[in-house]
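Taking the form predicted alone, here's one chain by itself in structure tokens.
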């Protein structure tokens, strides 16, 4: 047993004890795991299944039902592309296609090099700046397709190979 495995088992045992007998404990434990790891690692789901004496299928049923839970590690930088009405009408679909083509990634996925995660959101509250892209905590407004490459390059080199 590796040190990481032992730590994970202890962490999950502590969470199970913390939420024992409480309504919605599986979801609350999954939230805490997601907050800790940034996603739900398969070994953690397996250990949680064992610790709760709950079928692994039940755990994955919850993970996949709620779109908050992620099954793969998040990217170093999160790209949130607004598809709210104002952004949509001002060209967000064109920006989405450009980002997908440049990074060779689909919505909700992380680039192979782990640098970017692409998320589509319904509103960023910046309708006057439409279309809007937010990377981590920085907001880019009135973005044009020709600017996307330059914006992404601010965050380092990425591997565009499939």
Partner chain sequence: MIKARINNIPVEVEEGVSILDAAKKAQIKIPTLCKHPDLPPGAGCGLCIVRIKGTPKMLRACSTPLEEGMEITTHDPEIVSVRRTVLELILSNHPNDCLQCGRNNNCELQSLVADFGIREESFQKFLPDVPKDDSTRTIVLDPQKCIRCGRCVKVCQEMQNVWALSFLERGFCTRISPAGDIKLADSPCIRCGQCSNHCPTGAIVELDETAKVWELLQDQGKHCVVQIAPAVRVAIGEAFGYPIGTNLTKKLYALLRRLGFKAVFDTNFGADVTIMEEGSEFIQRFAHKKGPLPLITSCCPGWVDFMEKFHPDMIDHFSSCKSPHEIVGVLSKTYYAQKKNIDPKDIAVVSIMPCTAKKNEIIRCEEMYASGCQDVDVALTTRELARMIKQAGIDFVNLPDEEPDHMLGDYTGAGVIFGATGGVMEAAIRTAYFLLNGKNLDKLELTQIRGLEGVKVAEIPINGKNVRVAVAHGLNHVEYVLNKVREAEKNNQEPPYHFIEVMACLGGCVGGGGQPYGVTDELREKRAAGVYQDDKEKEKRCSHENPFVQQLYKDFLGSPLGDKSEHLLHTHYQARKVYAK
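Positions refer to the first chain, counted from 1. The structure displayed is predicted, hence computed values, not measured ones.
Below: the form predicted in complex with its partner chain, not depicted.
Scanning 70, 50, 112, 58 against its partner chain in the model of the complex with a 4.5 Å heavy atom cut-off leaves one residue, 58. Of the residues given (46, 102, 120, 27), 46 alone sits with a heavy atom within 4.5 Å of its partner chain in the model of the complex. Although the partner is absent from this view, residue 31 stays clear of its partner chain in the model of the complex, with no non-hydrogen atom inside 4.5 angstroms. Contact annotation for residue 35: none of its heavy atoms lies within 4.5 Å of its partner chain in the model of the complex. Of the candidate stretches 50 to 58, 112 to 120, 125 to 133, 93 to 101, only 50 to 58 has residues with heavy atoms within 4.5 Å of its partner chain in the model of the complex.
Along 30 to 44, a single residue, 42, places a heavy atom within 4.5 Å of its partner chain in the model of the complex.
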